[in-house]
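Just one chain follows, in the form predicted alone, and it is written as structure tokens.
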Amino acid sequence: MLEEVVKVIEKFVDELNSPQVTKLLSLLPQGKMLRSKLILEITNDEEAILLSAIVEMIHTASLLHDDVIDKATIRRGKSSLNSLYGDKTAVMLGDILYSKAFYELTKLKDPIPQIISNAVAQLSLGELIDVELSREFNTSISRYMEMIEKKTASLIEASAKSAAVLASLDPTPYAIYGKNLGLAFQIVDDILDITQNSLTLGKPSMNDLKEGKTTLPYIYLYNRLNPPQKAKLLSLFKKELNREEREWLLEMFKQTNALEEAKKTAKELGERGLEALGKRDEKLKKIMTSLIDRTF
């Protein structure tokens, strides 16, 4: 059914009657479509496909803006749109996708438009917090969790909650599941930035620290280092790492078990999400476990 979601997105874009937008969108590599998979596991009627297309457009728009903010040159193994056509083009395409998605969102029944639009506001607030946190090395776990809850988990939570509304199910447990899925997803992403190579990631490895993103593994690492080691870690913040510095970081992660602690946190969040459902939904359990155990 994901193919049907892609067709609806293409239809929405065609309705804009802009060959330039159609061309630019065709240059964007397709992602995992996690939000659509989640929606379609909860309910899979025609409205669910429409909701999935809207959410994917919103997510794509947020990534376009995110790449501009981060000055990213690679996205999913390909040159980012901002690196090819400039920041203005990337921002405008993001705005166009946001606007079209919100127009289509108004066609869905209440309270789905309110749920999704509020999530987009939270997503933007999360991006703002992320920018603020990047000014210096962040040692606060609570600030990090607040940021990823808004920036990543909010739209995944809203997707699950809206799908439950479409299916006439109690939306609360599905919202809790979606929130914890989003939190776990981001923590695993942050772990993979450290453990996987650039080819697997589709972007430079260990790039988070260079971009000023003090993710959960780095916070756990910092808390386990002695003062001289902490000073060295701080000296690597926002720095282009050489081979020796990368090797030092990997050795410190190995010695402190900071990566294992981050993985444990992701698993605990996943378990909370599944417990909220009150029943062992095998399809949603599979989404959660495969997300936590993934290597890319």
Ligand code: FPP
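Heads up: residue numbers just count along the shown sequence, starting at 1. Predicted, not measured: the structure shown is a model, and the values here were computed from it.
Separately, the form predicted together with ligand FPP exists; it is not shown, and the next lines address it.
Stretch 146 to 154 is the answer when you ask which of 173 to 181, 110 to 118, 80 to 88, 146 to 154 has residues with heavy atoms within 4.5 Å of ligand FPP in the model of the complex. For Ser124, a non-hydrogen atom is located within 4.5 Å of ligand FPP in the model of the complex, even though that partner is not displayed. In the model of the complex, at least one heavy atom of Ala61 sits within 4.5 Å of ligand FPP. When ligand FPP is considered in the model of the complex, Lys213 lines it closely, a heavy atom lying within 4.5 Å. Residue contact check for Lys100: none of its heavy atoms lie within 4.5 Å of ligand FPP in the model of the complex. Shown without its partner, this chain lists Glu261, Asp66, Glu245, Glu41 as candidates; in the model of the complex, only Asp66 has a non-hydrogen atom within 4.5 angstroms of ligand FPP. Taking ligand FPP as positioned in the model of the complex, the only residue of 169 to 188 that brings a heavy atom within 4.5 Å of it is Gln186.
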